[in-house]
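In structure tokens, one chain follows: the form predicted on its own.
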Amino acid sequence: MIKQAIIPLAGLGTRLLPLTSVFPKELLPINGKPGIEYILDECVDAGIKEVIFIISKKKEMIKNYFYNDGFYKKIIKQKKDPRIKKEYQKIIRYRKMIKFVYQNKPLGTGDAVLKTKRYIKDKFFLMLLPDDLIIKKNCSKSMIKIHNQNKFSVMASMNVRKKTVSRWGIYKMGKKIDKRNFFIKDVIEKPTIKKAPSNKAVIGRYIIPKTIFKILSKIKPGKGHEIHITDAIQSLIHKQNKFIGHNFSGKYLDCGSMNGYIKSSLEISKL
């Protein structure tokens, strides 16, 4: 069973400047609720018991959000407002699940994952990227179900327009399993239109084996002099580790850009 999840949160959020010059993008409200809470709710509903946040010293505000007891106790005593009490109780429930580790230098998602090595107990763990919201159906829950059936790694997949493939990690597809699942032969990071092996893109949900830490500890920096999780996953696939691509049925929302952030609020307000 998958019981642990990791969430990289140390990124600078430059696509959402100027908002993120003073405020972590993960705490920005989406229809009145911080974006990170949608990710946490997805984890809870999927049966996750422990979540590891990877933050930096510049993003201590995320930790403070979950540890602001003095403020809540004082305001609850003054206001006697049941809504505020309910919100505080929710934050306490989240806090019981969360551990914090630090990535103070922006060295890539692979480096962020490596920081969690000593906390991961089981053979596989879930990773969620907070910029990618998937609503209407729990993608993590569906992926865990697939993993439980065969004990392979699983990665979320979505069809994208051919002319946009250079924005994404793109799958080279292997044997089809069923309507929603296929084996992954390779993952090509941001290919040109001509070199893209498909139009199926990697979306920010991964079930990854613990063996990836061994690769991440030895892998050399790639594009942008960063350690990319995609490069480590490629290495595992080339070593005959089986990865399944899952075409999820929920609705994808990109919260990492200003336009996407605004659209996400509008979409969620309709639910």
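Computed from a predicted structure; not experimentally measured. All residue numbers are counted from 1 along the displayed sequence.
The protein also exists as the form predicted together with a small molecule; that form is not presented, and the subsequent description refers to it.
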{"query": "4.5 angstroms heavy atom contact with the small molecule in the model of the complex for residue 112", "finding": "yes"}
{"query": "Partner contact for residue 253 in the model of the complex: the small molecule, 4.5 angstroms, heavy atom", "finding": "no"}
{"query": "Residue 263, heavy atom within 4.5 angstroms of the small molecule in the model of the complex", "finding": "no"}
{"query": "Proximity of residue 14 to the small molecule in the model of the complex, heavy atoms at 4.5 Å", "finding": "yes"}
{"query": "Per-stretch contact check against the small molecule in the model of the complex, the hit in 64-72, 42-50, 233-241, 25-33 (non-hydrogen atom, 4.5 angstroms)", "finding": "25-33"}
{"query": "Contact residue in the model of the complex, chosen from 98, 107, 160, 146 - any heavy atom within 4.5 Å of the small molecule", "finding": "107"}
{"query": "Heavy atom within 4.5 Å of the small molecule in the model of the complex - residue from 134, 155, 187, 129", "finding": "129"}
